[in-house]
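One chain follows as structure tokens, the form predicted alone.
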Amino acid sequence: MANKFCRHLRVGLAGGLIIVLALVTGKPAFAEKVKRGATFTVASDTEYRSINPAIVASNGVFFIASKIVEPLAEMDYETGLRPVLATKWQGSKDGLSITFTLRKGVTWHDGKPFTSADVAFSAMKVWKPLQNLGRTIFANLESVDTPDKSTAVFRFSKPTPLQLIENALPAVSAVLPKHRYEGTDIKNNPLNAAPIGTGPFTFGEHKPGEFYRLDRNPNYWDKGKPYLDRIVYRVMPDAGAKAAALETGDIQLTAFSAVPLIEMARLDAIKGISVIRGGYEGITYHIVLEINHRRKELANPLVRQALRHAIDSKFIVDVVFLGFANASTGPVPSTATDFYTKDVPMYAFDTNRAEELLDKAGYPRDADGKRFSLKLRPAPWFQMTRDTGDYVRQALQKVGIDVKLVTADPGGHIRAVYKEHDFDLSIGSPVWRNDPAISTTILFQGGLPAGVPFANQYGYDDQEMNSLIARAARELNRNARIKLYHDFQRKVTEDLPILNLVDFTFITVARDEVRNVSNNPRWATSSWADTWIDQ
């Protein structure tokens, strides 16, 4: 269709590889004259107690807060990593320091100047001790020196790869105003619900149950931007209502696959609406089968191999995701071209082989055709995790494993799986965040404190794996570090501590008057400073 978005994508990730996306509507965007003004109305699934991304680095929080509070750098298709509050950075040869040169002439929304003191305060008082991801990334951050207002020197107690910090910057480095947080209870500061930042939009209003409103920042450092007058997030938890609102024009965009997948083809066929698959390459999710190794049967590697042979990833891709996903080969998605390797053991869908392995492991079928019974908890986050749980139950029953589905709300699920270990199997959905050390290796690292959510609480503790993860985390040479992560992927697919089933990113549905949609790998969680409406 001439009026639809054309999508030509060559994918890589921040850290040296080039990423290119051509995204046009009828004619190239660069040939169009930007139109300023207008209100951009988008759908939001839910509301948040805090929208402070420096404390809670999550996609839901970023969706709103990234327009207000800025990081040091953001992902970019053309260069890999685009400077934001930092204009350049350089790591020392010994890996013990990274020097950031900060952007001059930036002001906070309350008019105070942005300086290196804000970066030092955010790093030492917020990211390192409080942030869900920063606690790991900045575990060895010892201090931040500020020799002048435009320089921040991060000093580490142990060698820290520059590649890791670069890859982490978009998600973990949202900077807060020191003068508004110092001396307060940071976790309970009222600004967490109504942030003050340096971004292209200021926090306007939140009306519970109805909307969030962000207003144009007239003093934004990137002169001439943003193009929009305001952004309104309408709180719309019902997926069907979002689809209808797109058709009527009451909203102009939904992100994060907020519209049911089954509606995508119908919406894409409507004149004036487009389904866009790009813009989430830096936010890839996995669907995994989490395994409780405390259960005798599941501690047997032959049984885990049998489980992998019994589950058809292609079925999950085709039926659960309607084609909007990819069969997984391991813990690193194929979109992460810096780190990905396909040189790993593969497990073809083969129920006969699964039956053979279960027999060999010492679990033959009994008179009723059953081998043993398991409790399966699908995570409640997405419809896809729940539907995958239904499929896995059926798939394992076909090879003689009786499976009972147990459901819970989000809090109950986290408590049961990660704190009480009250599960045999669980369908999880961990996120890939640009680098294995950010949110992936923690799924396989042994010796973690009990009860850490979204981490290895499975009872798997392998010394070779632990050593491999530790060596990769401190390796400074980029190529040597990548090789270690190739070894890590092979080790994961040999041991199968958890089973990686499919990888998926999200989908945006937008009305065609919205311009510059999905023009970076984290578009939904970026600033939207260059987004505009062709009124």
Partner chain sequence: MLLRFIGNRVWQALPVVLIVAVGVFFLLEMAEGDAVDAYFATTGAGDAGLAAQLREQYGLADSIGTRFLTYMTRLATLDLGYSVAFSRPVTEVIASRLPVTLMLMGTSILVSGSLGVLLGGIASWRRGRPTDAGITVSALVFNAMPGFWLGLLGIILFAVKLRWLPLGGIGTIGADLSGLESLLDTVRHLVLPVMTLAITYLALYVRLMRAAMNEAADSGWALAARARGLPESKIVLRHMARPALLPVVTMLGLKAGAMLGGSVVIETVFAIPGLGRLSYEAVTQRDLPLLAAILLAGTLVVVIVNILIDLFYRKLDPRIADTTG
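Fair warning: this is a prediction, and the values are worked out from it, not measured in the lab. Residue numbers count along the first chain shown, from 1.
In what follows, reference is made to the form predicted together with its partner chain, a form of this protein that is not presented.
Remark: T337 does not count among the residues lining its partner chain in the predicted bound form, judged by a heavy atom distance of 4.5 Å or less. In the predicted bound form, its partner chain sits beyond 4.5 Å of every heavy atom of R371.
Put simply, W381 is close to its partner chain in the predicted bound form: some heavy atom of it is within 4.5 Å. Although the partner is absent here, A57 is a contact residue: one of its heavy atoms lies within 4.5 angstroms of its partner chain in the predicted bound form.
Only one listed stretch (63 to 71, 487 to 495, 468 to 476, 44 to 52) carries heavy atoms within 4.5 Å of its partner chain in the predicted bound form, and that stretch is 44 to 52. The partner is absent here, but in the predicted bound form a heavy atom of A245, alone among L228, A120, L191, A245, sits within 4.5 Å of its partner chain. Shown without its partner, this chain lists H206, H109, R304, K178 as candidates; in the predicted bound form, only H206 has a non-hydrogen atom within 4.5 angstroms of its partner chain. For the candidate spot formed by R82, L141 and F156, no residue has a non-hydrogen atom within 4.5 angstroms of its partner chain in the predicted bound form. Interface residues of 115 to 130, taken as those with a heavy atom within 4.5 Å of its partner chain in the predicted bound form (partner not displayed): P129, L130, in sequence order.
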